[in-house]
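Read the single chain below, which is given as structure tokens and is the form predicted alone.
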Amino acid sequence: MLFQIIRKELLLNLVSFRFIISTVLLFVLIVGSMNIMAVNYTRRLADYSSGVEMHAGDIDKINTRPMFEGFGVTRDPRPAMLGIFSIGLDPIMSRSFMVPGYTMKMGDQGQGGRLFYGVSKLVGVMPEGSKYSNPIFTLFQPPDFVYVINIVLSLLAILFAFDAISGEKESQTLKLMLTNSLPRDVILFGKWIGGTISILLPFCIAFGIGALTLLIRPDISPAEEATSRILVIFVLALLYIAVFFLIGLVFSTFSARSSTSLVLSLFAWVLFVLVIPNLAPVISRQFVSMKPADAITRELERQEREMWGDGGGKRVRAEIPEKVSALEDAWLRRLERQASLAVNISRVSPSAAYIYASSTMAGTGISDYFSARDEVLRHRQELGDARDKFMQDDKSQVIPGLYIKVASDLVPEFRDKRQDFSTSLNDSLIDLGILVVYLIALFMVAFLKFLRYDIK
């Protein structure tokens, strides 16, 4: 009997106008999005290659101390290939960064109010003055594969489910089924399984075609780990679609009319997809306020000027390093607290949980951002420690101390590290669990409500 209900639900959906429209829409959006993002990745990869070559040449051209102090070393992190599926924070993580020479640690640096530049973690590698220094503010924007699933598929899932029960009541077929001694749990299971398959079928076809178009591109060659990540991203999309189908099904069991169910389902969609994820960063900023990164620089400049006036260079060299470390460590901890609070608040929404899990598996999420930031800060420190090894005075020139030689082969290489598959999977388990909990809880609500549903 359950099979008959599933078959009926599938046949009704397959011949419906909304199924045809959904199939065409998903094919265009998913396949188109993957290929557009693939072209974008190819362009970014070409920019990365040319940037590496250009900046390597710039190092070889530096021959005076003022040039090195001003331009220093520029590095180019590699863009993530799985940004094709979830671009996330990769535009920030793969942005070139410059470490000027004057920010690299050296002996008695400190004359002229410059000591804090030599011991600062942030000067030269962190964007200054940006109100978007918290990465959470830019996570919900790119129109990639995850964006299509998050916005379009969730809405289509609701449109497939909003009249599953209330529509049967309006057409009097629900009453007919129950008078034939069909158990209510069988009816609900059949409609849930049949309806979910109806929306997942065109999605899986579109995803498969999109993945094939990526594989035939010569510039896309996913490794074994990348294939595993893509499979997890695919499973997350299936769970997310199933959750929103159940949201529509729940409201259908609470409503006697399909129009009422549709309005309530759309309200829930707006709340979960648009309101909560975008409101959470604003709320977190109210509870954990923080100054922009360049405010620390201005404060340290002020303190250093005061110390030069009160106690001279001895006091500056004794106290500034400790003050710099304390202020910057506190700022970085506060930034992570603000981002963590925003993440936890927005996890009330399955939409946010899906985005966090998918971007983490793509290597473009919050945890990857902080890992990349720490790697940039580590490399800046490494450059400072090796400064005296790769930069030497050019004693063959007439003016002593002005001309230098930079041994490019001794300049430390930037190791662009990303989290491995197991670490990313562990980081996404919380959000994966949230989607599963939503799935179970929503089905239980629909089941309990349908047991007492009035068919008259």
Partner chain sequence: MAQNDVLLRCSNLTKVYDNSVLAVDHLNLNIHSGEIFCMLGANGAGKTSTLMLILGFSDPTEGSVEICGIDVNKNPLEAKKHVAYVSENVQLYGNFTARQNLDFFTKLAGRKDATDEDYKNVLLRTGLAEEAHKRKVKGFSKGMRQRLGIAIAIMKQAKLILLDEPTSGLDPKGGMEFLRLIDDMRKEGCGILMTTHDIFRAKEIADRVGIMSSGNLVRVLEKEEVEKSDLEDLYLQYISQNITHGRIVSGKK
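Note that the structure is a prediction, hence the values are computed from the model and not measured. Positions refer to the first chain, counted from 1.
Absent from the display: the form predicted together with its partner chain. The rest refers to it.
Here the marked residues Q4, V15 and L182 all reach its partner chain in the predicted complex, each with a heavy atom within 4.5 angstroms. The shortest heavy atom separation between E168 and its partner chain in the predicted complex is within 4.5 Å.
Taking non-hydrogen atoms only, R305 never approaches its partner chain to within 4.5 angstroms in the predicted complex. Contact between L200 and its partner chain in the predicted complex is not found at the 4.5 Å heavy atom cutoff. Using a 4.5 Å cutoff between non-hydrogen atoms, R298 does not count as a contact of its partner chain in the predicted complex. Contact annotation: its partner chain lies within 4.5 Å of heavy atoms from the stretch 169-177 in the predicted complex, the single such stretch among 169-177, 382-390, 232-240, 356-364. Though its partner chain is absent from this view, in the predicted complex it lies within 4.5 Å of a heavy atom of just one residue from L11, L448, A441, I21, which is L11.
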